[in-house]
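Here's a solo chain for you in structure tokens, the form predicted on its own.
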């Protein structure tokens, strides 16, 4: 793995994707770059192999950053003891000259809706507080088998139902860019009547903890989940790469389900090359998940694309939706011009059923949520109410106490759509519309289009105090509108950080590819990443904020 890098000065992190030595070749990928100055960096795997740093030292430095950025509330559980033990084992392998792979000794984090043996899995819900899984999710086990070091479990919206990472029981995640020099220099001075730190912005959701953890340099890669955009949305807001692979390419076994037919484990990294490496470690058939592809997956190294003249880039006109900010529109337009000026064919295309996709998505989403949440009944695992009048009363009280209003609301909506008298009018119709939406993509890609280029978010990240003025359902409807169609069609999509807004916050764009064509998708994304040269976040004054946001944070270890 050439590009999993780390800033040389840990107290002043300044590298978005440690891309090696600054060479412009197929090995280093992205040249040195900085904001106002070049930042020293090195390839972590290469440094580990050459003995420049040990896995234990790397782990300790990441844990130190986890502690110094606690105010972000990115982690629910920090598995410090476990991580150090794993790092020590990795160190022994390096001493023997027998590392397990490119991820050996590399610190990673995992969203807290993936099962982890011996480490609490909460889904940021009272329903699962104290639940410790007896097994690892397949993707977690694959990372551990590669020697990766698991730092901990990251924060999210409860059961991944949200678009801001603000609705979990452990409190909201703060976007690291809220504390960047870029944002602070352009922020409007706070009035005396406003509380201190009131202008921090959301991290996006529902994988906001994972995105913030990568953005703040506390880990080199993180797992999220993506049902309607939950990896790409926070990646766009936090200025990192967020990949949603093709449905069925990566196992869902051990991912606590939200919507079985759309859930996909997502990958968050600081550059496209890193996403490709992690994908290579995770993809492939899993006997425990019948929806995974049967074909053998061959990991790939991304080539350095120099000629885009044979590419055909589609610009879906339906993605110019009401509410899209002028800034996002301008960045989208400039990106299209960048491809056109480089010789690519840029074509306006139509996905006519996009207008119906968000309504269709929410009908199908809530219907599957109602089904999946039925397992949390207080009988087998998780929270159980003290109500002992009857089994039915205990069951009802358990769900009332364990689920938030957001989760209960989605369960009620889903059960309404699944009622016998409503089933044909809502659920069956939504399934038919989903097929039309998927066929739109098939027709566009069949016309010769290679990649679709679209926005991901309607605007840059907004302040938390503004975000919570609207309810979860309204926010999710707005924030999922540009991302959920790729989930309904099962297509791969990736966020690439593109520019900074006028407020000094990240803006990302989405590339959507053909099914199981991740190599082509990521190769184009890598070319684009190199062209735009997205600036590094400048977190020059990382300090502990004593505001109590981490009162629930725990330490953990494998049993």
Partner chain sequence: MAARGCGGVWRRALQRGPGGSCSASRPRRAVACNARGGAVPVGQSGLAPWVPVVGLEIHAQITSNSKLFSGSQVQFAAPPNSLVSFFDASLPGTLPVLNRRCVEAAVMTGLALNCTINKKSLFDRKHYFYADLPAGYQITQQRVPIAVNGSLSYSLCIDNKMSQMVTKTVRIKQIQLEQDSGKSLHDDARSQTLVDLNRAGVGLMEVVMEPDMCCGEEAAAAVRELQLILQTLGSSQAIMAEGQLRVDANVSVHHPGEPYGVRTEVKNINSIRFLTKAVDYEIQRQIKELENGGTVVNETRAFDSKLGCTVPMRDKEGKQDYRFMPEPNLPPLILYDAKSLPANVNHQQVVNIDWIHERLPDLPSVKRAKLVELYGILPEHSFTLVNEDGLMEFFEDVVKRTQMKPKKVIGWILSDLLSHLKQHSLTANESPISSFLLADLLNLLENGDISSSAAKQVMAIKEGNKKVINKLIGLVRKATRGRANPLLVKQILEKKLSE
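As the structure is a prediction and not an experimental result, all values here were calculated from the model. Numbering follows the first chain given and starts at 1.
Form predicted together with its partner chain: not shown, discussed below.
Practice task
Would you mind picking the one in 402, 316, 257, 248 that has a heavy atom within 4.5 Å of its partner chain in the model of the complex?
Solution key: So the residue touching its partner chain in the model of the complex, by this definition, is 257.
Problem - Residue among 141, 291, 304, 439 with a heavy atom within 4.5 Å of its partner chain in the model of the complex - result: Flagged contact: 291.
Practice task
Tell me the stretch among 101 to 109, 410 to 418, 142 to 150, 83 to 91 that has any heavy atom within 4.5 angstroms of its partner chain in the model of the complex.
Solution key: That would be stretch 410 to 418.
Practice task
Indicate whether its partner chain has at least one heavy atom within 4.5 Å of a heavy atom of residue 376 in the model of the complex.
Solution key: Answer yes; at least one heavy atom of residue 376 falls within 4.5 Å of its partner chain in the model of the complex.
Exercise for the section: Spell out, yes or no, whether the shortest heavy atom distance between residue 350 and its partner chain in the model of the complex is within 4.5 Å. Expected result: Flag for residue 350 set to no.
Handout entry: 4.5 angstroms heavy atom contact with its partner chain in the model of the complex for residue 130
Key = Close contact is absent here: in the model of the complex, residue 130 is far from its partner chain, nothing within 4.5 Å, heavy atoms only.
Practice task
Flag residue 187 as yes or no: does it have a non-hydrogen atom within 4.5 angstroms of any non-hydrogen atom of its partner chain in the model of the complex?
Solution key: Contact check for residue 187: no, nothing within 4.5 Å of its partner chain in the model of the complex.
Practice task
Spell it out for me: taking its partner chain in the model of the complex, does every residue among 343, 459 and 478 have a heavy atom no farther than 4.5 Å from it?
Solution key: No, the whole trio is out of contact, none within 4.5 Å by any heavy atom.
Problem - Members of 351 to 383 lying within 4.5 angstroms of its partner chain, judged by heavy atom, in the model of the complex - result: Read in sequence order, the residues that approach its partner chain (within 4.5 Å, in the model of the complex) are 367, 368, 371, 372, 374, 375, 376, 377, 379, 380, 381.
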